[in-house]
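Shown next as structure tokens: one chain only, the form predicted alone.
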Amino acid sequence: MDKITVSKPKKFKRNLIVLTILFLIVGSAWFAGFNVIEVMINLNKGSRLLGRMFFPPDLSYLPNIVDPMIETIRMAIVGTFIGATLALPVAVLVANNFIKSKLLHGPLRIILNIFRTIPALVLASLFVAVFGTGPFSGVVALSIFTFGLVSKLTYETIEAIDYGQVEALMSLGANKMNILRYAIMPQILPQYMSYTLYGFEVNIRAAAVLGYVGAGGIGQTFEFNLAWRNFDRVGTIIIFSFFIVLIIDLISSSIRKRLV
């Protein structure tokens, strides 16, 4: 029996790929103005700043940030609910294995791509200019952000379902609504709920910084203390926010594991 020989990749090609990657990294760092020497020089300043923030933090300020954090969580809950609720029917329409219409899929996917391209902070800035400062602008921004995220993940899940169930119902003469109810929804519902919870996790972090543009939440308190150089209070806000986000992530991750 003849031996099967596998040709080794040429060293020149491998080295060319490595050099190209290194060139891209170094070139990007140079154009971005990244300077390792400057980082090393300012390490002392950074350590002093961390010392003012965390050694020790102003724990007496903790009661003042509870209400803003609750407002942040409320913003994330409402924004996630609205965005995810709107995302489900749109995802069904966008999926190319349910309603096969290029005239419908193309425009809707372009709209979803636009929504996902714009960061939540930019959306919040736009809505603050329209609706004024406050949590309402943050909720609208998070709703749109969640809508773009969940709808994309959901329609990709719909396109990856087991199509055998759909074909079985079609052979029995089922209409679109029955196919959606009995063949598609049971397959995608766990993933859809998982994506919604993931969107909530992301929104908690996003809502925490929307206050920088006047959209309410803990970010506004953070920005105020940072502007007045109250670094010990800033450290308290960071520590408190870290534990709140960590708890929410652990609970959400546990629920998502049970769903999928």
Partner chain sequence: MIEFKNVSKTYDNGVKALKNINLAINEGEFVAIIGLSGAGKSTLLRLINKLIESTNGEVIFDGNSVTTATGRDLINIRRQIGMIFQGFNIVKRMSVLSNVLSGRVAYNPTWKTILGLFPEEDKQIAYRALKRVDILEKVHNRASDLSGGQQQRVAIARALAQEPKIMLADEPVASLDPITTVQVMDYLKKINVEDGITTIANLHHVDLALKYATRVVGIKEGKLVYDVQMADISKEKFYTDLELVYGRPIHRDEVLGDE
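Keep in mind that this is a model prediction, so the values were computed, not measured. Positions refer to the first chain, counted from 1.
Just so you know, the form predicted in complex with its partner chain exists too; it's not on screen, but the next bit is about it.
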property	result
Non-hydrogen atom contact residue 159 with its partner chain in the predicted complex at 4.5 angstroms	no
Its partner chain contact in the predicted complex: residue 225, any heavy atom under 4.5 Å	no
is_contact(residue 109, its partner chain) in the predicted complex, heavy atom dist at most 4.5 Å	no
Close approach of residue 168 to its partner chain in the predicted complex, 4.5 Å, heavy atom	yes
The unique member of 132, 186, 119, 89 whose heavy atoms fall within 4.5 Å of its partner chain in the predicted complex	186
In the predicted complex, the residue from 175, 97, 113, 101 that sits within 4.5 Å of its partner chain by heavy atoms	175
Answer range among 189-197, 225-233, 39-47, 61-69 for contact with its partner chain, defined in the predicted complex as heavy atoms within 4.5 Å	189-197
